[in-house]
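Single chain ahead, by itself, as structure tokens, in the form predicted alone.
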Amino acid sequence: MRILLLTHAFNSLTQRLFVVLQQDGHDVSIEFDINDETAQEAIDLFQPDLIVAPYLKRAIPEAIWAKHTCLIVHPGIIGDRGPSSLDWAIMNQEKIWGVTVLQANAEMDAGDIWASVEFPVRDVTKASIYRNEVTTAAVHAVQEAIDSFKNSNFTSKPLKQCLLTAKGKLRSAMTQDDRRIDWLVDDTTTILRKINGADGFPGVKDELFGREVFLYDAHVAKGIQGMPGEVIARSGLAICRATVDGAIWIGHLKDKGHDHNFKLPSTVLFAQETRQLLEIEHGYQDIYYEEDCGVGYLHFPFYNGAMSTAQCQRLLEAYRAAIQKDTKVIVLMGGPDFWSNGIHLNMIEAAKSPADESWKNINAMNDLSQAIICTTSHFVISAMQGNAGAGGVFLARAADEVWAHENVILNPHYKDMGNLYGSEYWTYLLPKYCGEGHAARITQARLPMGVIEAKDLGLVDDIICGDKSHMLEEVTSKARRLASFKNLELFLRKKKKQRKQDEMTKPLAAYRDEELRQMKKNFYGFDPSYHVARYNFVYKVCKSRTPLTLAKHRNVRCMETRRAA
């Protein structure tokens, strides 16, 4: 079938649907929901059999839904309506939530029900639930709805009929008054729930050091107490604020009145105010190491997967310490939501010289990648629990093997960020593991890919299936078996020999120099595309059109090929 994804943005859910529906054999194109005229034009060009809207911020116009079957993906259980569905579910401590696919009509979220899938709600951030449970449930629900669409005997259920037994109900948009924290009354659990329910958008409005800010990235601060509401300590990127029964770490903030009104680490945004605070070494942990049965596990759950210069340097230090341990296998775990998304664009945008900070950041990424490539004492595994993008994909490929969960989406390209050339030794790694032909396809496509395609191309070596919450158990089991493998020492000797041969053929330094010469043009050259694209990304400037790589109905060559087929 021809399926048009009509969406506000190409977010994680839309990307996953795009990948899965293509795997299912559908002809999929994408149009950003910019205005009525643009949406209608896309429909006229693509002539879709079905329109699916995975992420919208406004209603589909009657001129479209009256003539075409339009299925809305709503992140709520049957009967739930309103724009703050997941926010209320977290705030109200719902144990079970879901995703409902319904048909667009004159009333928002009130169309006939086509499919619904439920899931247990974890005690984590809204963003994490959306990327994981909501996205997975949405894929299953959309697939079910598509099967029903192809079934001439299927009849959707009117909402009014469903409301007789449904638990969901109409809720208003959640406001900052609903989210407001009373530091003299709310306990730690309540505060954490409020911030989790607003992470990553819109955040919880609050006041710090006399400035209005929005709070994100909160964690319990164990064993710390103080006067409720006071900022009492710092740890790396985070500040610690006391509650009535303990304290919480706040890792990221946004100050709309600041020159840089986007998310930044708390101790960066309030560098002067927090300088004299008590520093707690192992409070807010964005890097930590575990060891078990001869295997070292290095975790780096960086917020949104972004890796700043300092984070890369600290991770390199932790990695070097890990390979000094009495182990033979190192597993690079990343975080539960992201493995890595490469350089930290927000920190770069906030720097006095974004060009200089870009240069420092990419070199720090390269130092880390080089250390992984040159490790001959250990078998190194990149275990992707979550998505990866840009340089993060190639950093993962620096390991001996890449294991990825079946739901992971990769964006192994830089070009959408102002035609960045990219580094992290990709010109060495991709031909080595993927072959020259695949290397060109990977870096030029500008499209997300699932792990099945990534494995076919050589970016991924093994796919871990099943419940994502059990991935750590599966990784641990596989890594233990590898550590006890009797021929592991033989592999490490061969690895060392191959590294020497590769170095003699062409030194890693040569690959790095060639890549960085291109990157220097991106950072310091006459073409400002990278700096414009970064600004638009950081400040979340809405697209004025859908890229031709996504809207293939606007790409004449793609449409001619499809019609010929």
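A residue's number is simply how far along the shown sequence it sits, counting from 1. Nothing here was measured: the structure is a model prediction, and the numbers come from that model.
The protein also exists as the form predicted together with a small molecule; that form is not presented, and the subsequent description refers to it.
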Legend entry - is_contact(Arg58, the small molecule) in the predicted complex, heavy atom dist at most 4.5 Å: no
Inset, instruction - Check whether Leu368 has any heavy atom within 4.5 Å of a heavy atom of the small molecule in the predicted complex, and answer yes or no. - result: no
Legend entry - Contact of Asn304 with the small molecule in the predicted complex (heavy atom, 4.5 Å): yes
Inset, instruction - State yes or no: in the predicted complex, is some non-hydrogen atom of Gly200 no more than 4.5 angstroms from a non-hydrogen atom of the small molecule? - result: yes
Inset, instruction - Name the residue from Gly391, Gly334, Gly76, Gly296 that puts a heavy atom within 4.5 Å of the small molecule in the predicted complex. - result: Gly391
Legend entry - Single option in Asn346, Thr327, Thr274, Thr427 placed near the small molecule in the predicted complex, where near means a heavy atom within 4.5 Å: Asn346
Legend entry - Stretch from 275 to 283, 479 to 487, 413 to 421, 101 to 109 whose residues place a heavy atom within 4.5 Å of the small molecule in the predicted complex: 413 to 421
